[in-house]
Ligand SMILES: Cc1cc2nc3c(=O)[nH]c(=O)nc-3n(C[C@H](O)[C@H](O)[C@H](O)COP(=O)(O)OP(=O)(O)OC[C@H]3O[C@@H](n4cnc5c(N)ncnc54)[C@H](O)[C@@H]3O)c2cc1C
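In structure tokens, the next block holds one chain alone, the form predicted on its own.
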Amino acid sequence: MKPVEKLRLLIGEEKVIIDKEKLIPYSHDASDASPVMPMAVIYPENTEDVEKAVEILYRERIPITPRGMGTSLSGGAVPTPGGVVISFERMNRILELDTENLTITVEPGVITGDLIRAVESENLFYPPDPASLETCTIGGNVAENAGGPRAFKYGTTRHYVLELEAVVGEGKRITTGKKTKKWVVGYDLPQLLTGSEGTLGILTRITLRLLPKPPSTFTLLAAFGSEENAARSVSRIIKNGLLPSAMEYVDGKCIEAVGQEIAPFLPSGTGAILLIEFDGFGPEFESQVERAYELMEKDGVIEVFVASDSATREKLWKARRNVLPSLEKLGRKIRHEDVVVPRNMIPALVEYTRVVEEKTGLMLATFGHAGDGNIHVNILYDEGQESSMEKAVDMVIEKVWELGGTAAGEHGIGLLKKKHLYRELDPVTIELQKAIKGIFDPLRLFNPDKVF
């Protein structure tokens, strides 16, 4: 009996598809990695389905790619030739929202935005907020250790993971971590699984910690005449002891791409913007807002627009979240480089992107989470310009390392950034990490060809 027939017999015919037309959406993700058609797509509805599927696939030596909604920008959700995709679209339930202990337990297919709205309805707060929150899933967020604008103040997904259930090699189920705030019994496997990009195990249940919702939020849109001035202001604000919940940088090319969504809020001569948000309590919170304006004046801020109501605030954040989709609408291919540099080196990185443009003839558009130095460098190119694109990537990454940074901040290594890993990590560290994978996944069937 063929493996697909075994799967259909064991977990249900309606949970396994092989129709080629229906497989096409699962052959690629949001990156520019080359598509690969999977042999089949499996839609588990519970952990038992995952266990049964992995047991069969492991026995048959078939590669397995777990998938949320395919929003990966590094090729992490692209299948392996001859492999199958396990899609978590049907495992999308919120299992428990514990308002007394401030935890939420969910299945991996829950959309991040839905989780955020669910906890806020109880006056609670889940800080990680990737730009794709209306389409990405919590399982994908944990697999990639997703961040977002609020990561500067509140940290990334890993700071909220308490307990994980996962299926590892041969279809074995493990539960690791605890719902308690403190836990030191054994190695911290939840943190190891977080950010592992589906290469160690397949997540089936996730418990996250929550916070009380901050009572006040204040959003500023600061317009600068140049990208360097905006970038310098980031370091100045933080150096002076202010702690915004978010500090987003957007360059002139991205502003132009977003167009009328952001234009009404900006004065003429705007070359870059900072979208800064403070949250907190009382007079101390309000004084930070006033101090931020004073500091930005030293870097030649043209104008600061204050979002005086929640509707305006949402418009500003919608425009920010639409930066990448707006660049994609320009009709060109995009290589997304997700780099991090020390905050005081952001101006140098931004300035260097112009050098890359001159030497490659390509357009580079930058935006990102300036508060923690995480800048998304987007390289736009056309068919036939792949070699120029690769040259641009190499130039950017070399500069990032020169500035004391890292090649990947929150999008993962996936398929596209593997060569960076081999240059950024030493050989002993790489071999140690490969050995860890071998313990969780002896046959190396979980999302193979990713990371290493």
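One rule holds for the numbers: they count along the sequence shown, beginning at 1. Just so it is clear, the structure is predicted and the values come from calculations on it, not from any experiment.
Unshown form predicted in complex with the ligand; subsequent notes refer to it.
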>> Tell me which stretch of 168-176, 253-261, 134-142, 224-232 has a heavy atom within 4.5 angstroms of the ligand in the predicted bound form.
In response: 134-142
> Exactly one of A146, I379, I346, I276 has a non-hydrogen atom within 4.5 Å of the ligand in the predicted bound form; which residue is it?
Replying inline: A146
> Heavy atom within 4.5 Å of the ligand in the predicted bound form: which of P81, P325, G361, G269?
Replying inline: P325
>> Taking the ligand as it sits in the predicted bound form, is D372 in contact with it (heavy atom to heavy atom, 4.5 Å or less)?
In response: no
> With the partner left out of view, is G201 within 4.5 angstroms of the ligand in the predicted bound form by any non-hydrogen atom?
Replying inline: yes
> Looking at the partner-bound form in the predicted bound form, is G70 within 4.5 Å of the ligand by any heavy atom?
Replying inline: yes
> Is P130 close enough to touch the ligand in the predicted bound form, meaning at least one heavy atom pair within 4.5 Å?
Replying inline: yes
>> Residue by residue through 30-64, which ones have a non-hydrogen atom no more than 4.5 angstroms from the ligand in the predicted bound form?
In response: A30
